[in-house]
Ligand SMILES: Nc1ncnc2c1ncn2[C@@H]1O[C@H](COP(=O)(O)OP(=O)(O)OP(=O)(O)O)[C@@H](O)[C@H]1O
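There is one chain below, alone, in structure tokens, taken in the form predicted on its own.
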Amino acid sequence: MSEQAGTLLELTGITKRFPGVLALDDVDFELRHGEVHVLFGENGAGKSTLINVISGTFAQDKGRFVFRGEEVRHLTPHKARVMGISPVFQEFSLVPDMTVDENLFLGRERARFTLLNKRAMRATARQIIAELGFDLDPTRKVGTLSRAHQQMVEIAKALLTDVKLLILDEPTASLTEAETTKLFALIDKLRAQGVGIIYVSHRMGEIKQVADRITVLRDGRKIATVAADSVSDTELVELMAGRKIDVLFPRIDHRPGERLLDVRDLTLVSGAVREVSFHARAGEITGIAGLVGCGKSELVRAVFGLEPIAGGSVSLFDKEVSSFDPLAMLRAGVCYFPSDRVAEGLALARPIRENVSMAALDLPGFARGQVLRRTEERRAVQEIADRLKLRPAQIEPAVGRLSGGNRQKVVLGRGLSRDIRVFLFDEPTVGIDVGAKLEVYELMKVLLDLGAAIVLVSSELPEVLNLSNRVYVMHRSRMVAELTGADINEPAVLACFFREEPAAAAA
């Protein structure tokens, strides 16, 4: 088959084992020239392992790897890059203290005689950034960029060489709608040039927009490969889950009670939030919607004490907060779940147990004085893991070995380790599959039934619309609308997203 015209990559019987886990079980996969082939499946289904095999990060234990008609053995990331295989992973591989152009050329620097040719590298960086239509300054340090701009750097880095096969792993998770449109235009351009693209995403709308074919993985096995225009969203989800899923969003019975959180005229030192007011009640989900960069994430980070405040006030349980820091907010009954669980939410090399309990080590149930009560800690964390249906259910493995959905459960478990009444969810389902999303939503229902207040920040508009009892909309650092009842609908929210700025008053 690999000798037929059109076949770029052919994998046959790919098997990969890790200690105690069969990650890939006899998987076949084919990619054609000029094709966008979507990998679809639950977290832990084997998608990440498969693209790591293709990019040379992991070596398969069994199976045949044929690229451009030739069998490949002993593949490494460097060898894959030389062959024209360029991955853009969901978790970035950038050096924060280096500039954009330095990151682009890291490991493939250009030299003139014995000196780095920085002028040539910067000129090339500007050229490729301009071709991609990205708003990037090559001289900026990557650590100062937003996550969306760091995503652009990763994409530009992947396209710096002569690409034959491009791997995109959740590439739109941090991009605005306008940036996503540019990315899709780039994908169309690459497809027309014969580049094969492996695209990993859980977003049904974009899958149907870009895919030619879709391969569904489940529990490390290939379930089916289907033409994108021949399968419905429901059929795809059922292939992925192996069961019938009747609803993508559960029905939530909101019972608004007392105000637990009240924010008045909040302004941040950075200017990312200006004079914003909102409140959250017990027994309801308060949604905050807005385009990437509007300030919605910075808003909840500030409430938790992670962003310096220039003005305004925050009250909890009718009492104004006098000092802001995460430990004080935890002790006051507020928990924040960050959008970037790798950079801010988890210690990947440490056990699940430690990641869950680290927010509760000051409690008598976990420690006596300065001595950790290990038996009580294990019991409490195991109960939380069982409640969240963590897979696998053991609490001693390192978090870095878990799938994205199970990593998110570990982050959520931290909020269940102590008495919390206000939950701040920042992009809680980014990069996790439909089944894991439903489990997160069911947890929210339980929390509401216990009398908690939930603030939900999400760039997934259907998520905000279907889960929230009230929706605030942010636009360019300000709160521009509060929607309730029948007014919570897509046209109303989108109208706020793209509202015109008032003209400046005449002098």
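Worth saying up front: this structure is predicted, and the values here are computed from it rather than measured. All residue numbers are counted from 1 along the displayed sequence.
Although not depicted, the form predicted in complex with the ligand is the subject of the following passage.
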Counting only non-hydrogen atoms, the one stretch of 380 to 388, 394 to 402, 187 to 195, 281 to 289 within 4.5 angstroms of the ligand in the predicted complex is 394 to 402
Just to confirm, V21 within 4.5 Å of the ligand in the predicted complex by heavy atoms? yes
Spell out, yes or no, whether the shortest heavy atom distance between G56 and the ligand in the predicted complex is within 4.5 Å. no
Taking heavy atoms only, is E154 within 4.5 angstroms of the ligand in the predicted complex? no
Please check if E42 has a heavy atom lying within 4.5 Å of any heavy atom of the ligand in the predicted complex. yes
If the cut-off is 4.5 angstroms on heavy atoms, which of these, N406, T99, Q150, T215, is the one near the ligand in the predicted complex? N406
I need to confirm a contact call. Of S458, T49, N469, Q60, which residue comes within 4.5 Å of the ligand in the predicted complex, counting heavy atoms only? T49
